[in-house]
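What follows is a single chain, given as structure tokens, in the form predicted on its own.
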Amino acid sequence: MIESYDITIIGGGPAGMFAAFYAGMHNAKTQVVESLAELGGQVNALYPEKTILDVAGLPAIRGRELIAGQRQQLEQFPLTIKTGQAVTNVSQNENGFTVTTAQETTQTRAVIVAVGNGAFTPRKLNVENAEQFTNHQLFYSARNLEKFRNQEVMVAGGGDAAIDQALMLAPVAKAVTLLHRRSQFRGLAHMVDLLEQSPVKVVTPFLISGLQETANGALDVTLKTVGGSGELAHQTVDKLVVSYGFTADHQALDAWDVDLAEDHRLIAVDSTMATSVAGIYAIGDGVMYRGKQPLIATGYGEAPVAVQAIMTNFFPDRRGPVHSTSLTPKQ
């Protein structure tokens, strides 16, 4: 027997988890399929200690705490959560879609794709011997703050993620230097303001051109000025965190039988989060529409829109009130 669901949510990051919660509020039989070993997406896998500021009603919350709260939110419904399963194919049939993983095949009436930017791989430091220092003195995410306690730390990068990590490390590290190749940062204005008010030392405009281990096991970082004479400088640190962003890999989606239209290499959706394939919706960082903002808060808003559209279009007999205060789970 092939198990059948009303809604299958592919991707268990914050947006996918909230979509599952809202589907539960509608009493829809729902499964969540996540390729990682745990729910939470990039927030849990890469930034569990990051302070998140863009969730309404929560002035500041760490990534791991946000995901823990969402897990608790899901426990009130009989949802099926499957982790460590990558979806290898989604194909149409007369009753909706067949969803295939290496472990099983299931049937679903509708699909919500919430895979973010796909498989995420950090942009590596382009220095010849960088690999030998990776996960020792060189890191691409500060997942465990205790590793950096009372250490001299350099963070390289100029976007919000780099600023976030520098600010996150400042209270626990002995000293934090933020290195950027430009004189101005690409981060949000408020985050740049916080950076200027922090004890983080900002060094610009420099690039990392070399790494060398010192006699006491620290890291000698060779810095090269951008523009001008290309003058070299050196700084010795205990740990280096490179935050140059991530490369997205949508090869898994490309292998599916269904062909989803794209916009700027992201999934194109309309105002109901519907894709070009009837019955498949998409939410989160992996979608594109006019005015799209890649924020957790935006994904949270897209989730109920997609679920409501599915319930309206495919389960009209079960249409419920649209106000969350009226969608009370059964005791």
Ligand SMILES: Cc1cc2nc3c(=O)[nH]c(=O)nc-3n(C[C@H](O)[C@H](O)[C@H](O)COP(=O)(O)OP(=O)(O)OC[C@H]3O[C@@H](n4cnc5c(N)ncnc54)[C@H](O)[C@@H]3O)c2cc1C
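When you see a residue number, it is the position in the sequence shown, counting from 1. Here the structure is a predicted model, which means the values were calculated and not measured.
The same protein has a further form, the form predicted together with the named molecule, not shown here; the description that follows concerns it.
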Partner proximity in the predicted bound form: residue 192 to the named molecule, non-hydrogen atom cutoff 4.5 Å | no
Counting only non-hydrogen atoms and a 4.5 angstroms cut-off, does residue 85 reach the named molecule in the predicted bound form?
-> yes
Does the 4.5 Å heavy atom contact test between residue 226 and the named molecule in the predicted bound form come out positive?
-> no
Evaluate residue 235 for contact with the named molecule in the predicted bound form, applying a 4.5 angstroms cut-off between non-hydrogen atoms, and reply yes or no.
-> no
Only one of 295, 277, 58, 268 comes within 4.5 Å of the named molecule in the predicted bound form by heavy atoms, so just point that one out.
-> 295
Among 142-150, 157-165, 177-185, 203-211, the stretch whose residues bring a heavy atom within 4.5 Å of the named molecule in the predicted bound form is 157-165
Would you give me the residues of 43-65 that have any heavy atom within 4.5 Å of the named molecule in the predicted bound form, in order from first to last?
-> 43, 46, 47, 50, 52, 54
